[in-house]
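As a starting point, one isolated chain is supplied in structure tokens, in the form predicted on its own.
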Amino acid sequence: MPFSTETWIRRADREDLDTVIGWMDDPDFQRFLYGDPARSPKQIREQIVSMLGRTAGHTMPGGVYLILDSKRHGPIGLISLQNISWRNRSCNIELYIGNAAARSRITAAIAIYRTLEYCFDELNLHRVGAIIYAFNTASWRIFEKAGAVRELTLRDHIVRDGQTHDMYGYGLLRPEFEALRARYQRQSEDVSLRAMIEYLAREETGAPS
């Protein structure tokens, strides 16, 4: 059973191009964007145009691009499902929160959980992987709270602001995610994603429910 929330994901289309390209001016968006941060705005724009502008020429695509949408803010983030293997029922996910006004730990958590629901419930995948920068503490902690396992560490793999950083590789299996949902649903009748995230945060810090 999916958790209810006022934030949802949908397939990205050409009408989202201007919004996503507008996010490129935000240094934080470029900081977390995978690849060389020294690329010119034109190169980054061409990358995003190629991502969102491609046509659906294959019935079983190797990549899916989603927009995180909000009743309050409108489009707030871009989600990329890459290296989809329909035979192996696996993929890798990338998440970028582009709307600075909506950027928060709760927003990131909702986006990740929504994406995991989509991967497991809609695409019927068995495994979801993620490569996360070590300095992106909020993202890898959320992924771990979902039950993911850190399977590898790439030491000094990227450079940001003149410093080298590790990169973590995570894997999450369908039974692990389903166990998390079942565990939370036993704790609360309010089956909302925000309530679940707040519950997990209290549990992590030892605060009373």
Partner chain sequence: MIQGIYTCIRTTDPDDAPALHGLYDLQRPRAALLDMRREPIMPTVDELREMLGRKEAVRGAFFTIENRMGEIVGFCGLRSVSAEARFAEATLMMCKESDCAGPEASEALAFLRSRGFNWLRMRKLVAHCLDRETALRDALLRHGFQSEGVQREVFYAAGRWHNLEVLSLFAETAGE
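Heads up, when I say rigid core I mean the largest set of C-alphas that superpose within 1.5 Å between the two forms. Positions refer to the first chain, counted from 1. Every value quoted in this text rests on a predicted model; they were computed, and no experiment measured them.
The form predicted together with the partner chain exists for this protein as well; it is not shown, and the discussion that follows is about that form.
Peer 1: Thinking of Trp86, Glu151 and Ile158 as one candidate spot, does the partner chain come within 4.5 Å of a heavy atom in every one of them in the model of the complex?
Peer 2: Judged in the model of the complex, Trp86, Glu151 and Ile158 all sit within 4.5 Å of the partner chain.
Peer 1: From the list Glu176, Asp26, Glu144, Asp69, which entry has a heavy atom within 4.5 Å of the partner chain in the model of the complex?
Peer 2: Residue within 4.5 Å of the partner: Glu176.
Peer 1: With a cut-off of 4.5 Å between heavy atoms, is Arg105 one of the residues that contacts the partner chain in the model of the complex?
Peer 2: Arg105: no, not in contact with the partner chain in the model of the complex.
Peer 1: Taking heavy atoms only, is His73 within 4.5 angstroms of the partner chain in the model of the complex?
Peer 2: Taking the distances in the model of the complex, the answer for His73 is no, it never comes within 4.5 Å of the partner chain.
Peer 1: Mind listing which residues of 117-139 have a heavy atom within 4.5 Å of the partner chain in the model of the complex?
Peer 2: Residues within 4.5 Å: His126, Arg127.
Peer 1: Once the core is aligned, does Asp161 move its Cα by at least 2 Å between this form and the one not shown?
Peer 2: Where the cores coincide, Asp161 still shows a C-alpha shift between this form and the one not shown that is 2 Å or more.
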